[in-house]
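To begin, one chain is listed below as structure tokens, in the form predicted alone.
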């Protein structure tokens, strides 16, 4: 039988480890070491078309919630957040083609970026089942398009 003091110390120790693990999940990649020029080119070559296709003719001006980013790392952090972390009313963006392409681009051009695990086959099956795109998701994608446009402008400088 372990003495009560040892049990107390162990419980505090494991509680601290658990909290540190939770904090690690919340911390995000800072995107400062990315190759912004290569990311900008990939956006123009493949991501832009996929975002437009997702919007299916809906103008981004229909959504008037403006989103701003200060510099290329800030833009990429916000793009990462909106693309890969579900929000209420829109939980499926990470499975879309533009998200898969964004994930591949960031993984290749940002040293140490671990990316998001996306099962491509699963994404295609779910996309076929779900033909209706919610307005909330289109609003999120309009934010992504604004962030990508801003990123493209300021990463050229």
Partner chain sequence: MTDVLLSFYKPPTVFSIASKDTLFVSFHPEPVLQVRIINFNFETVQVTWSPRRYSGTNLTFVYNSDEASRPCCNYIVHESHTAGCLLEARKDEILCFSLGNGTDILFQKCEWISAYLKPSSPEDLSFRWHEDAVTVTCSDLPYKRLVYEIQYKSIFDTEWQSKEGETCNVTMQGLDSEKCYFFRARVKTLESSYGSDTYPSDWSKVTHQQRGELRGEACYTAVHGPAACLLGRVEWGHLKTRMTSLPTSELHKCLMPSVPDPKLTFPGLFELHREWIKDTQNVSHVAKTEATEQECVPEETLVVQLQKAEAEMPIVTTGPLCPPTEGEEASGDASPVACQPPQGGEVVSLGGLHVCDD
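Positions refer to the first chain, counted from 1. Only a predicted model underlies this, so the values are computations on that prediction, with no experimental measurement involved.
Unshown form predicted in complex with its partner chain; subsequent notes refer to it.
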In the predicted bound form, do 35, 96 and 104 all reach within 4.5 Å of its partner chain through at least one heavy atom apiece? no
In the predicted bound form, is there a heavy atom of its partner chain that lies within 4.5 Å of any heavy atom of residue 42, even though the partner is absent here? no
Find out whether any non-hydrogen atom of residue 29 is located within 4.5 angstroms of its partner chain in the predicted bound form, and reply yes or no. no
When the contact criterion is heavy atoms within 4.5 Å, does residue 113 count as touching its partner chain in the predicted bound form? no
Distance check, residue 53 to its partner chain in the predicted bound form, heavy atom within 4.5 Å: no
